[in-house]
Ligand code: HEM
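In the block that follows, a single chain appears as structure tokens, in the form predicted alone.
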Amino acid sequence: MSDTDTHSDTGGIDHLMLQPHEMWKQLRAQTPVQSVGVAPQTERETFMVLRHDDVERVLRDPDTFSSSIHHEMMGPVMGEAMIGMDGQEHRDHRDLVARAFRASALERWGTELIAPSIHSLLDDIAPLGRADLVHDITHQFPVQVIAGILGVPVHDYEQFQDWADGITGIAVDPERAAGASDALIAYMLPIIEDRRANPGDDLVSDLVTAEIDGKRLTDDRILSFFRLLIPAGAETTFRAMGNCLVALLTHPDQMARVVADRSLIPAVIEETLRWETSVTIISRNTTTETEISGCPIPNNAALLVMTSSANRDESHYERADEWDLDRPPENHLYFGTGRHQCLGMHLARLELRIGLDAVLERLPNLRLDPDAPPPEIEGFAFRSPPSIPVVFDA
């Protein structure tokens, strides 16, 4: 590690884990491909890749930089999920699943599920004049949408959120992750069997009946997809929505513009996804000896592809650390790129657009609570505000 990563006190290390952007900025300038030793979880020599062009190159070259490492890292709790597949297997599996995310389904989910879900949550807080938008809105909204899309009882959303938190925390608490995975399987198997016999108008039915060239998904593959979808859909979108709200609330002049002109909401979303990428790392492993920006990388090495760092690369974005509502449209790497680009990105954008519009509509004169500490986006692998205390006109 470089001098920029060395801290003699626990407080300094803790700060880096909560606020790593300055460290990543220094590394981009000094050591953009950074050896971090042998990771205990994979027992591979591990490198961080921090610059935009290098990150994009890795994600667009699946032959040299494989996704199979996800089977090692997440396989015990996700099974053979699409996220760890390569080549033709990945293409076939993605094609089969992608049909469930077709445009007509998104349009229906928007009006029949996403909008009613956010307004139901807002009904509870709108008369109060005060709320914590993380506790009351963002932590509940996306997982309720996922439950609705799957066609399972929405009142089970708290259990879904617990399972999502457990599965994504496998590196910290593998026992809890395994328990969450087993519980999700036990919950979903009877639903899969029922939908196979009695198909309905939901995602589970779409997946159990989907067919391409005579192939259907096995129960194991369907369960693996759900163990990927629920954490991905619940965890990442709730964090992204919280980051969008912090961006607006800490830029009140820009908030006023967006309140007056809701057509700016897509710009809010895209700039926030770039500025604060809620899931900061994508993992890959090398299939041969190679190099990145002159740094030799051995075969079978693990790569921590730092999309959050790439999205603030000064060589790619002007004033990269600033949240700028008027930034000209530029591609970002929030959803990755290449063959493994996030399948749910259109759903995530739809949830964010409908959710933010509803919050601004239903909570007039929304502003930070002057009696509470201002919200702060924090975290290393996952970044979002733990709370957003606000007041508004009841």
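So that there is no doubt, residue numbering starts at 1 and follows the sequence shown. Bear in mind that the values here come from a model prediction, so they are computed numbers and not experimental data.
There is another form of this protein, the form predicted in complex with the ligand, and it is not shown here; the text below is about that form.
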- Message: Taking 4.5 angstroms as the heavy atom distance cut-off, pick the stretch from 290-298, 253-261, 276-284, 176-184 that is near the ligand in the predicted complex.
- Response: 276-284
- Message: in the predicted complex, does L343 come within 4.5 Å of the ligand, counting heavy atoms only?
- Response: yes
- Query: Do R57 and the ligand share at least one heavy atom pair within 4.5 Å in the predicted complex?
  - Reply: no
- Message: Since only the chain is shown here, I'm wondering whether N311 would be in contact with the ligand in the predicted complex (any heavy atom pair within 4.5 Å).
- Response: no
- Task: Would you check, heavy atoms only and a 4.5 Å threshold, whether F47 touches the ligand in the predicted complex?
- Result: no
- the ligand: the contacting residue among Q144, T236, S205, T138 in the predicted complex [heavy atom, 4.5 Å]: T236
- Task: Answer with one of R216, R130, R94, H71: the residue that has a non-hydrogen atom within 4.5 Å of the ligand in the predicted complex.
- Result: R94
- Message: For the stretch 225-247, I need every residue with any heavy atom inside 4.5 Å of the ligand in the predicted complex, listed N to C.
- Response: F225, L228, L229, A232, G233, T236, T237, A240
